[in-house]
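Just the one chain here, the form predicted alone, laid out as structure tokens.
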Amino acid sequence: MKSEKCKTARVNSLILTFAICILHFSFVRDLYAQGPFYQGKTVKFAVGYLAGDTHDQLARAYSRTLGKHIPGNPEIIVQNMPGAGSIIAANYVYGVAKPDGLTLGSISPALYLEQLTGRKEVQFDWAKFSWIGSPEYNGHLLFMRGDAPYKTLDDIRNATEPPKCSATGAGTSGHFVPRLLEETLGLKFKLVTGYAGGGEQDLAMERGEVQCRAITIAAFFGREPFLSWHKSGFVRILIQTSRRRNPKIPDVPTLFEFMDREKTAEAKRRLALVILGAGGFGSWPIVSTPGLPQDRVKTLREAYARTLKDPAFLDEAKKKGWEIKPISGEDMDGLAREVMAQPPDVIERMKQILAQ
């Protein structure tokens, strides 16, 4: 009797082991058949600027390298969606694209100001984007045509006719930097907005339609015609917004130096810190859709980080003059939540400044 029970137990054990093996091999077979999520798929890079802008150049550089660092090696394509200072692209990524990890966006780092000030075109929540990364921290600068009568900031302050600065739209560096200089240093500018992108603004500068423009330091030293303009003296840089002078322009004073000299009120200095928080997102932040599964957020962040270390990408970055000092998606996510949590009095003053 005892022997029969032992035999039955052994048979049951063998059956259980066999069943487990069947389930295991079925799982492995199904997993193998499924393959990586990105296998055979295409990732769209929505760029909020015209072809040739630095956002576009970087996205196309990513497209040649990023795919090989994503399991499944998807194809990466770039689609330009210029307009409204990249709000069109941001709205697309946030509210139109599916939250499946197949859409990335290259947008302005200062668009959160548009949301804070209640711009009606904004259809996104800055804090809810899936933040992937950015190639570098950055500040801004304001440059002026060399033949313009505004040689210093004091010339701008004392001018009867303010200089004309170009911008694609409100919320971009071309818009908020001049407005911040007006608020903190008592300067005056006439903003000419509505340009579709950097290329149109370059032509406007060359034709003399405008005399000044504010852009990121990285963009200024990252592409033509700025490099040639600077070398030839066609333009001169009057101010930079970083806390410390950038090594590439060590002779150009910072906004904070000027605020110290002008004894700018503490409330206005705090406002400058909030508005310039955009620098923490870098010049060219990369986002994906809200509600993205965390495993795909992790996959995209890791692939982007590897791309920024890829020899082929770094070689291209060196030739273009791009400085690669990455910001992690995790850090950007935290900053996005922080900048959106502003008290009503700060938001109200921002509205007044940025709506001018």
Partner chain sequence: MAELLVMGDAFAKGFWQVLAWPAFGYMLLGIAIGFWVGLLPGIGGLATLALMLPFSYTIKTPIEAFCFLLGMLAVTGTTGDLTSILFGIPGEGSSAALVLDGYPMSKKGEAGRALGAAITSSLVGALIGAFSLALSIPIMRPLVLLFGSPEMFIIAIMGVTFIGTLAGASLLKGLLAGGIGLMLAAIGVDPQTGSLRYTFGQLYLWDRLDIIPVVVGLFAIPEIVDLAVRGTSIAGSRPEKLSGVMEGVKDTFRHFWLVMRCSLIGVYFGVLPVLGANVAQWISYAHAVQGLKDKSRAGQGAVEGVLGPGAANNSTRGGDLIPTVAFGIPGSGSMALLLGALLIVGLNPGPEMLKTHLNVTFAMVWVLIFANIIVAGLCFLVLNHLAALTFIRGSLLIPFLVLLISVGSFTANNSFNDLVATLIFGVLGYFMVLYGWPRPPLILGLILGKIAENYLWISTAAYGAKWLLFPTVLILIALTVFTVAYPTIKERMGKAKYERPEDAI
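Numbering follows the first chain given and starts at 1. Just so it is clear, the structure is predicted and the values come from calculations on it, not from any experiment.
What follows is about the form predicted in complex with its partner chain, which we do not show.
No residue in the set Thr241, Lys268 and Arg270 has a non-hydrogen atom no more than 4.5 Å from its partner chain in the predicted bound form.
Screening 255-263, 196-204, 146-154, 282-290 for residues having heavy atoms within 4.5 Å of its partner chain in the predicted bound form returns a single hit, 196-204. Contact between Thr299 and its partner chain in the predicted bound form is not found at the 4.5 Å heavy atom cutoff.
The closest heavy atom approach of Arg64 to its partner chain in the predicted bound form falls within 4.5 Å. Using a 4.5 angstroms limit between non-hydrogen atoms, Asn91 touches its partner chain in the predicted bound form.
A residue is said to contact a partner when one of its heavy atoms sits within 4.5 Å of a partner heavy atom; Glu209 meets this definition for its partner chain in the predicted bound form.
Interface residue among Val274, Ala219, Val192, Ile76, judged by heavy atoms within 4.5 Å of its partner chain in the predicted bound form: Val192. Ala170 is the sole member of Ala110, Ala170, Ala214, Leu181 with a non-hydrogen atom within 4.5 Å of its partner chain in the predicted bound form. Contacts to its partner chain in the predicted bound form (heavy atom within 4.5 Å) from stretch 60-99: Arg64, Asn80, Pro82, Gly83, Ala84, Gly85, Ile87, Ile88, Asn91.
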